[in-house]
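One chain comes next, on its own, written out as structure tokens in the form predicted alone.
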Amino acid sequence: MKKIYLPIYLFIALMSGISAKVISYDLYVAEQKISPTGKAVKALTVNGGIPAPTLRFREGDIARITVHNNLKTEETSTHWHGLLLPNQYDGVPYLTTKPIKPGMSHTFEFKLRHSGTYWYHSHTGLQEQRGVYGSIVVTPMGGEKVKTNRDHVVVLSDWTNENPWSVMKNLMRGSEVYAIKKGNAQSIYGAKKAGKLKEYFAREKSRMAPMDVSDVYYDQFWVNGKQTYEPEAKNGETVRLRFINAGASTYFYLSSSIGDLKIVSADGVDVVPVNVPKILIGMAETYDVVVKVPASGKYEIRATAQDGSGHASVFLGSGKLQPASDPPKPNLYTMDEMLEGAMASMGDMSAKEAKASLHKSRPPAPYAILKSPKSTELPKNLPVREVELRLTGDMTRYIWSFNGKTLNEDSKIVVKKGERVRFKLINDTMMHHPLHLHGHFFRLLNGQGAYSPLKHTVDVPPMGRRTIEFEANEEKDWFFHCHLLYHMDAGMARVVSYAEQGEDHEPTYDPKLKNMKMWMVDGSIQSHMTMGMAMLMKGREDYYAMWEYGWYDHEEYEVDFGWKHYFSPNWSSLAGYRLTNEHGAENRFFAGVQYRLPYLIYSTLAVDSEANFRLNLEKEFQLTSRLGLGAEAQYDTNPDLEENFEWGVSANYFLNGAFSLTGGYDSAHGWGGGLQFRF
């Protein structure tokens, strides 16, 4: 009988197919009320809990995961963050995977090509903030290289009782409500108390808005859905903790009362083990950390919000508690800390200085000392494509972008298969941004040469820079975005689009990301007048009705129906129609520009259809975190007006997100006081 010989590669392929194990999970997304702070609020749960269940696999397994959407009216989706898988299973609705309609299910099936700590979350709207996120652990075929007695997943997250769409509205209107609630609001009194009055006015002179290190106030911070977590870990044991930052908009500092934390893996990929006193972990990053629990006592590993507004804790061992400490709160009146982080990211520090910076009380991300245990060099013969991406945005308007353009204005970065793609990331803003690339690992060029670590998410600090590179070895479209959830939804995203799809190919992405719409009303009712604005914000456009109605001495009103286009933090254009009964004035069209002057003085220059000009100047003085003074002056060239020059001053005391007390003098309407409202 004739013998049949199989080529060795075919034999291995057949054997691997036979030995591959199918691991199945069912995930049910539903809405239910929870009361983490004693107040019942609506949340989204997966299989009845937050976070969602941990999905465990072994490298080489086949994952078969069915996601069931039990929501009544909302679509949902699931992205498998950090896993390399076929494009159609990446889970970005409309771009790679169909959204899961209410009452429907979708099955994802893919092979686990690599090991590590990863996670999954909804990519629909703001559902991630409401609770749709969970962890993934893929064990290496040969087991973990660093052996431990215990292995635990630690999912960090942030929780707000407020509806996330209400959060977005507050951010888009430029409200200081969250800074006030966190105790981070800047003021003239606060600057004087900190000895930074000169720096305060220098910032205003440069037309820079007040600094903050985070956008949102959170009611609680969680580890595995609670404020504290006590996994099984006996004294004397060595424990692997798989930290996952599933926060929507919170960076965390990890610190331990045990001492240094040993990093053995970053973003699911092994690194040369290295000890650090603290770790700054950005949203969507993961770090595997190994610690040895001392022989006696209970020890804390604390995850402190970067802005110092709260923390969550992991406790290991038993006995007398040895608490960890919070890092000092950020000094928002000086840029020193931010500039140090920027210098470290740009390589302006020596390797020794960069390592030393990790021992500061508020250190940067530990990238300077991350090193791959094996070469990650890309093939030398690959053609190089360099892409410069400047991170741009404005806290006041709350538009976030790359190179000054939102996803809706410039949706794609075209790459060709077989290229070495190098992104030069330059942060022109005063906030950290964690940038995530779907479908690829990239080399973080951190000075380690051939041993540059592989990651899927990178923190770019304020005014800092990072360079990453990857081989374009996939197909179709992959999302690249800021993983601060509200920044992504406000425009800081692109699609890495493979050129092989054709010159005319345009990515299709979630309509919810196209010029988000938001209604809001801000105004006041006072004893002598009412004034305010009702507005629809849509991307860079505002459609508004602005009114002023006074009843001092005689009734007088002015109502503008207008449109405004936002170009940049300093420039906007406007046009509209004005209704008025002011003596000497008539109903008319107008058009003009708004410009932000030094010291944050807002000016508007407009011309009406009768060729009359109007100049308006406004300035706010924030005396304390809650008390502010306002001044306004207006000059109109209309010769028929009784008064060409009008002015006013006011004092406003912030009560809460919806109301403030207000009072003051207006030259047209006299003295008065009342209530400001924001809806």
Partner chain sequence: MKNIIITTTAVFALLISSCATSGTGNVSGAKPYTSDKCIVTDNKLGSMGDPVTKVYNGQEVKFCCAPCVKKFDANPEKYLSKLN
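Treat the numbers as computed from the prediction; the structure is a model and nothing was measured. Residue numbers count along the first chain shown, from 1.
Unshown form predicted in complex with the partner chain; subsequent notes refer to it.
A.B. asks: Using 4.5 Å between non-hydrogen atoms, is L597 touching the partner chain in the model of the complex?
C.D. replies: It does: once the partner chain is placed as it appears in the model of the complex, L597 has a heavy atom within 4.5 Å of it.
A.B. asks: Considering non-hydrogen atoms and a 4.5 Å limit, does the partner chain approach T637 in the model of the complex?
C.D. replies: Looking in the model of the complex, residue contacts with the partner chain include T637, since a heavy atom lies within 4.5 Å.
A.B. asks: Does the partner chain get within 4.5 angstroms of any non-hydrogen atom of T508 in the model of the complex?
C.D. replies: No - in the model of the complex, heavy atoms of T508 and the partner chain never come within 4.5 Å of each other.
A.B. asks: Is L615 one of the residues lying within 4.5 Å of the partner chain in the model of the complex, judged by heavy atom distances?
C.D. replies: Output for L615 is yes: heavy atoms within 4.5 Å of the partner chain.
A.B. asks: Does each of L339, R390 and M463 have at least one heavy atom within 4.5 Å of the partner chain in the model of the complex?
C.D. replies: Yes: each residue has a heavy atom within 4.5 Å of the partner.
A.B. asks: With the partner chain left out here, work out from 424-432, 186-194, 87-95, 253-261 which stretch has heavy atoms within 4.5 Å of it in the model of the complex.
C.D. replies: Result for this chain: 424-432.
A.B. asks: Looking at K101, K405, H554, R207, which is the one with a non-hydrogen atom within 4.5 Å of the partner chain in the model of the complex?
C.D. replies: Only one option qualifies, and that one is R207.
A.B. asks: Tell me, which of S361, S105, S603, T228 has a heavy atom within 4.5 angstroms of the partner chain in the model of the complex?
C.D. replies: Residue within 4.5 Å of the partner: S603.
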